[in-house]
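Presented below, as structure tokens, is a lone chain in the form predicted on its own.
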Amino acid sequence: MIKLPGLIDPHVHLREPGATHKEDFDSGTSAALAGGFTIVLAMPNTKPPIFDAATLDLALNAARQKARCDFGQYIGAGPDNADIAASLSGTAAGLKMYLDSTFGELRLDDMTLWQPHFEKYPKTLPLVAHSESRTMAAAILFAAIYDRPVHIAHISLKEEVLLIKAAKEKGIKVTCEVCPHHLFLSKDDIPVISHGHPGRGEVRPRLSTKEDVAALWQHMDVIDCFATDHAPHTIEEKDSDNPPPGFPGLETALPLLLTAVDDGRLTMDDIFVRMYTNPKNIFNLPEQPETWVEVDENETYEIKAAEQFTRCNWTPFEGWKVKGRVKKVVLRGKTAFEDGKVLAEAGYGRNVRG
């Protein structure tokens, strides 16, 4: 049995408000505890999106009632809410900027709309960018111009990791995360994970080439965090004619990464630093006293969606053999998860910006 600190996932979609049929703060934080996570930071592209005081309260009130582990809620950057977002920075997990495709109140059509957010959001708090390829390069330029930290979400490409490496070497304040699905799957795997339903391979950023995957592994020293981008959709939605992009990931991340340790591709320190130390520092998160995770590093088993707590009822890693199972999670002195059962009650989770 090995002991880890409570893990931190800085990038989850818990679908509340607006799409609780596929996840909410109850089921999502249950999945988090089962995966060894004691803090999750929820993204703002909900229905309605989280972009002002009223919508932030909507999400936080739901979380206070339902969350079983600790949580934070991002506020989204919109075309005209820079002052509002900055005024709510003490309550929000951070500012999320969607620099590629998104819709409605969080759509940032051109770079002039980025500037007020880079100027006004406090530099001591995280600004997270969904940016791919060339928009990622632009976000790094903005970080340099405004001399402020920026965290790049879910990198997936060789060109991205190489550019971030170069930016770090120049002293630009950029950090980044990678998702397990971009480390363990390439676009060549889509037919295997789809089971005849191509929508199951839809995710953003898209699964990339084997060369891109290899580059992420080769430049592991550039990657600051492992984040799941847990984005659950029901199996019916994924198999429909208009499948939404996104994979569940809270319950599969740690076993996949522990299996990579067993294979000699990672070390336990790699996991410790990227799932606890770095996210804690980058996102300026509080200590969780008397909090730890116990893992049986030798237990071998198959990943099965039917055994998971997420509501979406599928995983791209169905049937994968992994080594390392979460046996117990203690959160603030209380056993929150043990032997496959979530024991923390709804509402036990605390707001990390509370």
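Keep in mind that this is a model prediction, so the values were computed, not measured. Just count from 1 along the sequence shown to find any residue number.
Another form exists, predicted in complex with a small molecule; not displayed. Remarks below refer to it.
Interface residue remark: T102 is counted as part of the site for the small molecule in the predicted complex, having a heavy atom within 4.5 Å. Although the partner is absent here, G246 sits close enough that one of its heavy atoms falls within 4.5 Å of the small molecule in the predicted complex.
At the 4.5 Å threshold, heavy atoms of E251 stay clear of the small molecule in the predicted complex, well away from it. Proximity of Q288 to the small molecule in the predicted complex falls outside the 4.5 Å heavy atom cutoff. Between 256-264, 231-239, 164-172, 279-287, the stretch whose residues reach within 4.5 angstroms of the small molecule in the predicted complex through a non-hydrogen atom is 231-239.
Just one of V203, A93, A77, I152 comes within 4.5 Å of the small molecule in the predicted complex, counting any heavy atom, and that one is V203.
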